[in-house]
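One chain is shown next in structure tokens, namely the form predicted on its own.
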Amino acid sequence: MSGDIKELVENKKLRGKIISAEEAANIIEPGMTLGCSGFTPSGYPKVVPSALAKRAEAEGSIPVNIWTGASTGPELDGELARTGCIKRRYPYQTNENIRKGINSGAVQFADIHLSHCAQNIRYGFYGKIDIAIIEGLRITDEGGIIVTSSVGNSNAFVEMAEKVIVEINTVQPQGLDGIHDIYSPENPPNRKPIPIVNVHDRIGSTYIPCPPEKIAAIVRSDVKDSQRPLAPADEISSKMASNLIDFLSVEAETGRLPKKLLPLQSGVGNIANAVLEGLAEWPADGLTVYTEVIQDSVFELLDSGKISFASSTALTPSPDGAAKYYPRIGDFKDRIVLRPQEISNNPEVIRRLGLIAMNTAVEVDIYGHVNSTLAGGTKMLNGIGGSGDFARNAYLTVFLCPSTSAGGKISKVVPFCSHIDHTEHDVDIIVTEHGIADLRGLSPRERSNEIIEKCAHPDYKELLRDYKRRAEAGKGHEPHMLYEAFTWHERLRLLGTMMK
């Protein structure tokens, strides 16, 4: 498409606001709070943040606060963190530059449940949004913004921002037009039930309403989403997927799950993709998905008919997946819907639909607590994301975790998690490549035995058994030797050094 984007701005008065990315970046002032579209590296603004980073290189740091839906791509998080522009960041990230800033203390980061973000913005808990920067396909005659490959918190940002900058992305597939379902709950005490009773229900509009006078600038973008390749399923992730599917089969055979299962939620990444890939051989068609992100495996299962409908807030294909499915995205519009994350992750809807929630863990402990966020209890990795939204409210909550990391040098089944994001109250099933621990209804002492014997790596089982025996000698409902628990990795490292 040519550089002229006027045909994608249907409101003729707004065409006079089409400017360059550099001019739009000059609207941003130090200390402002920016609400940016994007959820995973999909549908995020690219050219205005890049222009702001270049301006910072010329003028010096331009500190701003950044709200998004979740993680974004290098043009936003990466470049702004590299140039020292990010003062504060909410609610989730995956970029190396920004992670370094968070762990050094240069970037103030609040790790927030994704379903809480929009309501906290509307309640004014964190101050005002000065500018919303939203990637769109086109702008309607009324000023409505049709977004691209994600929704995230974009609707809330547009509602609450004083000004809006729209990046019209000319390389995003126009077939996305019509795939969105934008619905914003009212604030208490006027909030009403969210009228979703089936995964496929549509309850809103296909665009984000926006008063035309609020739009301060419109900018052309021709930068693609920074899609990440998915590694082929390795032996460990394939075994975890197989273990989980065997468990779901038993649940279906006993009548605790229907033959078509219940709506599936799965996290992001190679393990999550492998789990869904494994459902290709499930004996029933017509499965449904109610989740945050649609990865390659969901597209494949939609294409085969194994999945009949998928609801999400973002499309997150690999480069290969995008090349295969984006040219045909219009064919999926009657089987995919993209919603705001306050709806895709909403506890009310999750509980009503009865989801099977499947997320990954950094580590798990012998009593069923889960760490999803911090390495060694201190260093932020990415954030809790939506796992808490789903874990607390799902029909069945599953956490998947390889039994070891660092080539077997670190056990990921530990006496006590170094940081706890999900307590044992919210965890039903733990899966490693060695087996499944079904924790439903078990006491802490029973859970510890189940997790050690069925999930721990053989190299660490006896060490965990020894800890359990000595801890239980000290009595208690959930027996621990806290100093030893918190220094367990260090003790193992020293033990390995002495053995050498």
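Residue numbers here begin at 1 and follow the sequence given. Just so you know, these numbers come straight off a predicted model, no measurement behind them.
Absent from the display: the form predicted in complex with another copy of the chain. The rest refers to it.
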Answer with yes or no whether Leu262 is in contact with another copy of the chain in the predicted complex, where contact means some heavy atom within 4.5 Å. yes
Report yes if any heavy atom of Asp303 sits within 4.5 Å of a heavy atom of another copy of the chain in the predicted complex; otherwise report no. no
Looking in the predicted complex, any heavy atom of Glu23 within 4.5 Å of another copy of the chain? no
Using a 4.5 angstroms cut-off on non-hydrogen atoms, would Gly354 count as touching another copy of the chain in the predicted complex? yes
Another copy of the chain in the predicted complex: contacting segment from 75-83, 237-245, 164-172, 88-96, heavy atom within 4.5 Å: 88-96
The unique member of Gly377, Gly330, Pro212, Pro209 whose heavy atoms fall within 4.5 Å of another copy of the chain in the predicted complex: Gly377
Can you pick the one in Ser318, Ser405, Asn103, Ser308 that has a heavy atom within 4.5 Å of another copy of the chain in the predicted complex? Asn103
Kindly indicate whether Asp222, Gly269 and Tyr326 are, all three, within 4.5 angstroms of another copy of the chain in the predicted complex, using heavy atoms. no
Within 4.5 Å of another copy of the chain in the predicted complex: residues from 96-116 (heavy atom criterion): Ile102, Asn103, Ser104, Gly105, Gln108, Phe109, Ala110, Asp111, His113, Ser115, His116
